[in-house]
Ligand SMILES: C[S@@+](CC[C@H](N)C(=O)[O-])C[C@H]1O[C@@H](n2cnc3c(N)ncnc32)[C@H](O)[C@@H]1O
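Shown next as structure tokens: one chain only, the form predicted on its own.
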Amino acid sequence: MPFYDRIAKQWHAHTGRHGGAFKEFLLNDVLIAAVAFIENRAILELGAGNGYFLPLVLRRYSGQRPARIVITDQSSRQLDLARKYCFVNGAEYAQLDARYPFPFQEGAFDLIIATMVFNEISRRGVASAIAECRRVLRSPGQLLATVIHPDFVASLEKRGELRQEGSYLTMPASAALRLPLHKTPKEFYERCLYNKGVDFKSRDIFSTKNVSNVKAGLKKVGNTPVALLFDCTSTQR
């Protein structure tokens, strides 16, 4: 059973239509600004969870019409929640495990969004996922991926806040929940992108007072970046 099948209802109850406080007050605006436009783009979202993000994008770029929207997640229960609470008219919904080949033809998408997905799968899975993203991106195409920052993961480990639960390493989240995590170095993500011929820029994302006021655990991070954004462009085939 996928990890999020077990906690889907609890996670949705806590994160709602904005992905939780961390995403609502920090990450969403950064990602949406990086999208730039959606007019006539074919969009694939990996690890969409309860589907909160693309409705925010559509609202921000109201009046622009994507050519196609495909919303995916490994968890069927998450997808059920997405259809029920964050439904996007005209979107396709599909169960997809990013670690394995995607069921899409080469060059099918202009934009791929992967929010906090790659940090939850093994290095082998990351390498496969990035290769598949490269394969299904048109040229030019854009991949936007965020991960928990490896420096933040190291700080959690130093404070003894990581925990092995069966086959999963987990980190603390809100509402006493814990989320799966892999300790993947920044250099590994970069090497996978470079090896697939993807141009990219990375950006460290730091917590703010607004976020730490509602997520008390982030008051401990100091100047450590909490997330990492890869803005990637596929320009050659």
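This structure is a prediction, so every number in the text was calculated from the model and none was measured. All residue numbers refer to positions in the sequence shown, first residue = 1.
Not pictured, yet referred to below: the form predicted in complex with the named molecule.
Trainee: Within 4.5 Å of the named molecule in the model of the complex, heavy atoms considered, which of I71, A98, L156, C86?
Mentor: Only one listed residue qualifies here, and that residue is A98.
Trainee: Where, among 89-97, 136-144, 104-112, 159-167, do residues come within 4.5 Å of the named molecule in the model of the complex by heavy atom distance?
Mentor: Partner-contacting stretch among the options: 89-97.
Trainee: So in the model of the complex, is the named molecule close enough to V117 to count as touching (4.5 Å, heavy atoms)?
Mentor: Residue-level check for V117: yes, a contact with the named molecule.
Trainee: Residue-level contact is defined here as any heavy atom of the residue lying within 4.5 Å of the named molecule in the model of the complex; does F22 satisfy this criterion?
Mentor: Contact check for F22: no, nothing within 4.5 Å of the named molecule in the model of the complex.
Trainee: For Y52, is any heavy atom within 4.5 Å of the named molecule in the model of the complex, or not?
Mentor: Result yes; Y52 sits at the interface with the named molecule in the model of the complex.
Trainee: Please run the contact check for P66 against the named molecule in the model of the complex: heavy atoms, 4.5 angstroms, yes or no?
Mentor: No.
Trainee: Counting only non-hydrogen atoms and a 4.5 Å threshold, tell me whether T15, E45 and Q78 all contact the named molecule in the model of the complex.
Mentor: Result yes, every residue of the spot touches the named molecule.
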